[in-house]
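Taking the form predicted on its own, here's one chain by itself in structure tokens.
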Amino acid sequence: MDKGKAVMGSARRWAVDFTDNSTSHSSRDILDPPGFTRASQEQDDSAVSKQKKDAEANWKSQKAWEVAQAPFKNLFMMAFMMWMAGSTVHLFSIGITFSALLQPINALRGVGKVFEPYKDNKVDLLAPKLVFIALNLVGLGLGVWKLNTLGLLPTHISDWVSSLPPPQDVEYSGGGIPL
């Protein structure tokens, strides 16, 4: 059966043969039609790709700022939870307090990984990173403040009595018979 022939032997009406059997030059050797230049098409493609890159850089910058401001929402939630836990030392208040301490510490340890997806030559990540670090330091300070209100930080002189040297005797007294 010949290529392009139907089963019944009649040719297919709309079949197109794309094989190139000619010995002519390539399509690059053919002149462009009047009013068309390949350079202008390449410039249009580069302008569109530049716009896409700018839009992507803008999107990455917006997302980086959203990630940087995310700890702000966590601050109010954590402050409310610590207020609800009260100021007495018990299991729940200690658990909430150590959670308030560990979350910012872990976030500060992973700053590079958090902003990794938004790294680009056109996106400045310094300001979002600094805001992220500052908000996590505020969260860490909130946890330390809660430790202090629970009385778990050694801030009074009585907490350090065991490390103080014994006082020197100022006077001596004796009783009974003088010698």
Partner chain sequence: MGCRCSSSYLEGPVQNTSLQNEGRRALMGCLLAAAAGIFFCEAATAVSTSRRAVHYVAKWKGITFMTSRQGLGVGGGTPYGFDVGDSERGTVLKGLDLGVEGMRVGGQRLLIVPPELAYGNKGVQEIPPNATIELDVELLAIKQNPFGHQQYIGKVKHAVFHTQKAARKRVVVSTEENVVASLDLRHGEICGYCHIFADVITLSSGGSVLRAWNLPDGQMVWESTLLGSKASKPLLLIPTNLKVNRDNVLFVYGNGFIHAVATIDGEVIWKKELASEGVDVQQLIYPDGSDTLYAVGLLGLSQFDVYQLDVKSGELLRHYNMLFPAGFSGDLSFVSDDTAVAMDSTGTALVAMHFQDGQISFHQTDVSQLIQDFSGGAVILPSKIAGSFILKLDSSVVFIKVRNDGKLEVVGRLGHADAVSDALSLSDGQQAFSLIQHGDGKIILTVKLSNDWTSNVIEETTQMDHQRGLVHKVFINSYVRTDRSNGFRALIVMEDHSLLLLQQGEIVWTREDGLASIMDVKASELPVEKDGVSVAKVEHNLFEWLKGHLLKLKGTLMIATPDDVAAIQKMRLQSSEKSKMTRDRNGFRKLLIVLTRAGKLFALHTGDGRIVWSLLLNTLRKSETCENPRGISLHQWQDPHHHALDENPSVLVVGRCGHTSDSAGVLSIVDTYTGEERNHMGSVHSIAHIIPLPFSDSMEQRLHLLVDANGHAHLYPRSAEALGIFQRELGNIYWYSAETDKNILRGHGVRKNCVLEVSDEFCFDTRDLWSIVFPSESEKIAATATRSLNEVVHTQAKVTADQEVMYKFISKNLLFLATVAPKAVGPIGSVTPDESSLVVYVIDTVTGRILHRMTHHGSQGPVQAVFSENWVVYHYFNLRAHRYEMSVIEIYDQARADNKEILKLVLGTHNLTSPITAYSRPEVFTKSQSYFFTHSVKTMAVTSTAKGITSKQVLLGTIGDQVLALDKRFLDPRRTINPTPAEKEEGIIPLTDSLPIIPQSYATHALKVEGLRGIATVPSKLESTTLVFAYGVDLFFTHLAPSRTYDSLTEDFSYALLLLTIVALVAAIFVTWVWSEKKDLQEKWR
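Numbering follows the first chain given and starts at 1. Throughout, rigid core stands for the largest set of C-alpha atoms superposing within 1.5 Å between the two forms. These numbers were taken from a predicted model, which means no experiment stands behind them.
One more form of this protein, predicted in complex with its partner chain, exists but is not displayed; see below.
Taking the partner from elsewhere, Val16 is found to have every heavy atom lying beyond 4.5 Å of its partner chain in the predicted bound form. Along 101-122, a non-hydrogen atom within 4.5 Å of its partner chain in the predicted bound form is carried by no residue at all. A displacement of 2 angstroms or greater separates the C-alpha positions of Leu164 between the shown form and the other one, with the rigid core held in common.
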